[in-house]
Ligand SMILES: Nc1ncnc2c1ncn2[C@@H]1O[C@H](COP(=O)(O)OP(=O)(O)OP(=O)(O)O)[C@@H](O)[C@H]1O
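Form predicted on its own, single chain, as structure tokens, below.
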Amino acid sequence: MGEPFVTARGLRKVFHSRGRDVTALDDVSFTLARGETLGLVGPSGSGKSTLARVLMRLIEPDAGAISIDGEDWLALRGRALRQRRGAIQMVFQEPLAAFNPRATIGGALDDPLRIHGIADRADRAERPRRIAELLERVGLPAGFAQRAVHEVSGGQRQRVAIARALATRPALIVLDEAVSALDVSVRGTILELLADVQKSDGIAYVFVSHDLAVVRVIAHRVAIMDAGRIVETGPTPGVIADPQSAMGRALVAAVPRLDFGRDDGA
């Protein structure tokens, strides 16, 4: 997939809870190329969501390094960090919780345009046009901009969440269980949308999931996590066909079908 765009080395995160230390990340390292999808897979508590939040700088690691496009991501502070945040966006598991439920969809999409200066405040005609373009990109009509976030379905809200992430023209999107709360039929259309966006824009994805059937559809490579560590990594078809770690074998065994999207009786 090319030279690494994201490089993480030796990431460690320890939480202090009820008088004891809980190690959420323990010496985690990986690379990600432009336009590549890395699937982070593991059971609940394996550290994959913590890793996603460390990548986003929503929480800070206790040790380790992250380089993004050759820049020391963890060294950025204040204004420099705010200026770079537009290049890295996140889509969360529960779309309704990710928005102000009283906001309109247009208002939710306008926020990143305004905050990151993509459509200048003085040019009031530019922002509605850009919002309409974002909605169109995710398969929603421009008229959705007038609707409240809570008025649309879960699948439509997740499309809006993806549109909001795309508003800043990011190079990397972290998706934390972004389709797990959706019906199977809706899940497939969202995965197709993400694949189309990646093909056209060359965006890299870190795709967090507990479901290997879903990861198989979207990820070029997979990293299996267990107890805060990456215990296995490699091209997705190879890891699924012949997992080398105990956790990898357990995850494969737990999935009755790994032919997601087929309906031919196989």
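From 1 onward, residues are counted along the sequence shown. All values reported here derive from a predicted model rather than from experimental measurement.
What follows is about the form predicted together with the named molecule, which we do not show.
For L11, no non-hydrogen atom is located within 4.5 Å of the named molecule in the model of the complex, even though that partner is not displayed.
Although the partner is absent from this view, P61 stays clear of the named molecule in the model of the complex, with no non-hydrogen atom inside 4.5 angstroms. Taking non-hydrogen atoms only, L251 never approaches the named molecule to within 4.5 angstroms in the model of the complex. Using a 4.5 angstroms threshold between heavy atoms, S49 counts as touching the named molecule in the model of the complex. The partner is not drawn, yet in the model of the complex one stretch among 234-242, 195-203, 40-48, 63-71 has residues with heavy atoms inside 4.5 Å of the named molecule: 40-48. In the model of the complex, the residues of 4-23 lying within 4.5 Å of the named molecule by at least one heavy atom are, in order, F15, S17, V22.
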